[in-house]
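Subsequent text provides C-alpha cells for two forms of one protein chain, presented individually as structure 1 and structure 2.
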Structure 1
C-alpha cells in the first residue's frame, strides 16, 4: 500500500501536529475527573464546614479552562485533518487518473472500465475519509483508553484490573470483525464494479436496446447484478453490526462489576465518593473510546479494501512501456516512413494471431489505402502504428527505428488519427478542435473546418465555433461528428494522417472533396482505411488485407487484375450502383 500512501508525502506536518493536538485535548479530558474528585471529596466538605466555596469554584474554573483549551485543540486538529485528507484525496485521484491514461487498450479491458471509474471516485473517497479519521480519531482512542487505565490504577489497583480486562476482550472482537469484514468488503466492491460496468454498457447501448426492444431483459439482468450486490452487502453489514452491541455488552458488564466492587469499597471506607465518581467517569471515557474504535473499524475496513484495489492499479506495470532512446527526426519525402517486418499480433489471453507475418513499407508523402473484409485486421495495423498495442512478433519501424524506441508522446504527436466512431467532448466546437492544437487561431480553425467540409454547417450557427457540444456530441449527426473530428486532426498538422473508416457517414461527393483537400497539403502521408474501393482508387498503393494477412499490394488498376478479393469488393460496390 506504499503507492497509495505516497500521496501523503506533502502532509507530514499535518500528520504529526494533527494527532499531537488531539493528544493535548485528551490529556485535559483525563485531568477533569481528578478535579471533580477533588471538588466532591474536599470542596463539598470544606463548604459544609463553613470554609467557603473556593475549593469548588477554583477547580470549576480550571475545568472550564481545560474544556476551552481542549476545544481549541480539537479545532486545530480538525483543520489540519481537513487539509491533509482533501490534499491527499486530490493528489491520489490525479495519480489514479494519470495511471489510467497511461494504460494500453488491453490494460483498460483487463481492469474493466467500471472498475476504473470506481477507483477514481468511490475508492479514493473512502481512503480520503480514512486519512481524515486517522488524524482526528485514531490516536485519541488508544491515548484515552491507556490514560483512563493509568488513572484507574492510581485511584484503586483492584478496580484498575477490571478496567484492564475490558481492553483485550474488545480488541479481540474488533480484530476478528476487521479480518472477516475486510474480505467481505472486497467481494462487495467486486459486485459494485460489475454493476457499474453493466450500467455503463446499458446506457451507451440504450439506442440499440430500444431498437431491439430488449428493455425487459436488460432490466432483469440489472436486477440480478443488484441482487448479488445486495447479498454480499447484507453479509458485510451483518458482520459489522456485531461491533457496537458486543462493545456495549462488555463495557456494561464492566460497569456493573465496578459499581458492585466500588460500592463495597465505599462502604468499607476503601474509596471516597469522589473516587467512585472519577472511576465511573473513566469507565465511560473508555466506553466512548471503544465505541469510536468500533465505528472506525468499519470505515478503516472499507478504506483498507479500497487501498488494496488502488495499490493494485498503481503498482501495475503497463504492457506498453515508454523507454525512449531515439530522438524524433525529419526525413525527406519518398524516404521510408513506416515499415512492418514479419509483424504478428495477438491480444492478451488469445491463442490466435489477429494479423500474421505482415511485411509492408509506407514512404513519406504517399497516399496509402487499406481495404479488406470485416475482421481482416485493418484497424489492428493502425493500432500498432499508433502504439496502442505492441507487436507480438516481428518488428515495426518508424523513420528507420523501432517504434518502441520513441517517446510515446512524441510518436503520437507525429501521427493524427480519426477513428470511425467519432468522439466529441462536452464543451464547444472550438474547445474540441483546440485539442488538436491548443494555441490555434480562429483563422487556423476555420481553415481546418473548410478542409474537412465542416464549415458548411458550422457557419450557420449564430455563435459559430463557440456553439455548444453536448456530451458525446449527441447534438450532431454522424456525418457532422466525423467532419469535426477530421477538422481536429487536420488542425494538429501532423506528418501522418490516418483515417480509419472515418468518412463512412459521408456521401461520396463530400468524401471525395475531403480527400482532395487533404492531398493539397504538402508532405502529408495519408493512410485511409476504408470499405469503399472508390475512395482508394487514386492511392499510390492499396494494401488488401484478408484474414490477418496481406493478400496483395498495388495500385487500383493492378489490383483489379491480380487480386480476386479487391476485384470482388470493387465490383460489388460499383455494379450495385450501376457504374
Structure 2
C-alpha cells in the first residue's frame, strides 16, 4: 500500500486538520444531550416553580451556537477533504500512467491493457473516494462512539455497560463482512478487466469484425463476459447487503434492553427523565455512527482491493531495466554495430524458443535485409535490438557492449524504428512528425516528407503540414500512413534505421524510391525487414530467417544458389508478377 499512498504525504496539513475539525464537530454534538438533560431536569422544574424560562432559553441558545460551530467545522473538514483527495487522485493517475509508459511491451501484455485502463480510471477513483471518506468520516465514528459511551457511563454505569456490549458485537460482524466482501471485490474486478479488455479489442478490430460479418459472435462473447461479471457482482452485493440490516438489528435489540432497564430505573428513581432522553439520544448517535461505519466498510473494501491492484503495478519491477554502464559510444563506418552471439529468446507465454541460437553481425553503414515467412521471428529480432525484450540466452552486443549495459534512451535515440503497423496520433501532420524530433524546422520536415515519398500528397493540402490527423490517422490510407510514419522516423536522423515491413502498402516503384532516398543519407545503417525479395535485392547482406533460426546469409545472387527458401520466395514473387 505504501507506493499507492505515497503522495498522501503532500497533504499532511489536510490529513491532520480535516479530521481535527471533524472532532470539534463531534465534541459539540456530544455536549448537546447534556444541555437537553439540563433543560428537562432543571429548566422545566424551575419554570414550573415560576422562576421564569431563563434556564430553558439559555441552554437552548447554547445548543444553537453549538450547532452553528459544528456546521462550520463540517464545512472546513469537507473542504480540506476534497482538496486532499482530488489532489491525491490526480497525482495517483499521473503516477500510474508514468509507470505504464515505462513498462516493456511484454509487461503491458502481462498486465493486460483492459486492466491498465481500469487502474487509471475506476481503481484510482475508488482510492480517491476512500481518501475523502478517510478524512471526512473515519475519525467521526470512533470519536462519536467512544464519546457517547463515556457520556452514557457518566449518566448511568449499568446502562453504559449495555452500550459497551453492542460495539464489539457489531465490530465483529463488520469485520467478517469486510473480509469476505474484500475477497469478492477482487474477483469482480478481474471480471471487469476481462470485459474492458474484450471491449477494447473488439472496438479496435471493428472493421474486421464487420467485414467478416461476425458481430453476432462478438455480441455473444461480450454477453458471456458481462454475465460472469454479473454473477460475481451479485455475490458481492449479497454480502454487502447484510451490513445495514444486521447493524440495525443489533442496535434495535440494544434499544429494547435500554428501555426495559431504564423503565425500571426511572420507577426506582435511579434515573431522571432528562437522563433517559440523553441516553436514548446517545444510543441513536451510536446507531448512526455504526451505520456510517458499515457503509464506510463497503467503500473501504473496494478502495482496499483497488489499492492492492494499483500497488501490484506501482511496485512492479519492469523486466527491462536501465542500468547503463555506457552512456554513448561512437564507432566508425564498417565497425561492428550489432552482433548476436548464440542468442535464443522465448516470450513469457510461449512454450518454445521463438529465436533459436542465432549468430549474426551487422556493421555500421551496411544495408541489411531480413526475409522469412510470417511468424519466423523477424519482428522479434528487431524487438531484441531495440530492447523491447531481452535475450533469454546468449549475448546481444551493440557497438561492442552488451546491449543491457547500453543506456536505453541513447539506444533508442541511435535507432529509428518504423513498425509493421503505422501509428499516427490525433493532431496535425506536423505534430506527428515533431515526435521524431521536437525542434525540427519546417525545412527539415519537408526534407523528411520528400525522402519518405509523402511530399507528393502532403503538398496537395491547402494547410500543408498543418493538415489535421484524426484519431489513429484514420483519415489517411494505409500507404499514406506508412509514408508519414517513415517521415517521422527519418526526421530523427538516427544512425540506424530499421523498417519492419513498413513499406508493405507502397507500390514497388515508390518503395524503391524510398530506399534510394534513405541510402543517400551518409553512413546510415539500414535494416529492412520485408516479405518482398525484390525490396532487398540490392542489400549488402540478406538474412533468411526460418522458424526462429537463420537459414542462410548472403547477397541476392549467392542466396539464389544456396538458399532453397530464398529462391522459393523470390520465384513465387517474380513468377507471380510475370503472370
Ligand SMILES: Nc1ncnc2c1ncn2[C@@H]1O[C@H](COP(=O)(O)OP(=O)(O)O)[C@@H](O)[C@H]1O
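Just so it is clear, the structure is predicted and the values come from calculations on it, not from any experiment. By rigid core we mean the largest C-alpha set that fits within 1.5 Å across both forms. Numbering follows the first chain given and starts at 1.
Note that the form predicted alone is the one shown as structure 1, not structure 2. In this comparison between structure 1 and structure 2, the chain bends at a hinge between two rigid parts; from 443, 216, 101, 374, that hinge is at 216. Put simply, the small part of the chain turns as a rigid block by 7° against the big part between structure 1 and structure 2, using C-alpha fits. With the core fitted, the CA of residue 45 sits 4.2 Å away from its counterpart between structure 1 and structure 2. Lined up on the core, residue 277 has its CA atom moved by 3.2 Å between structure 1 and structure 2.
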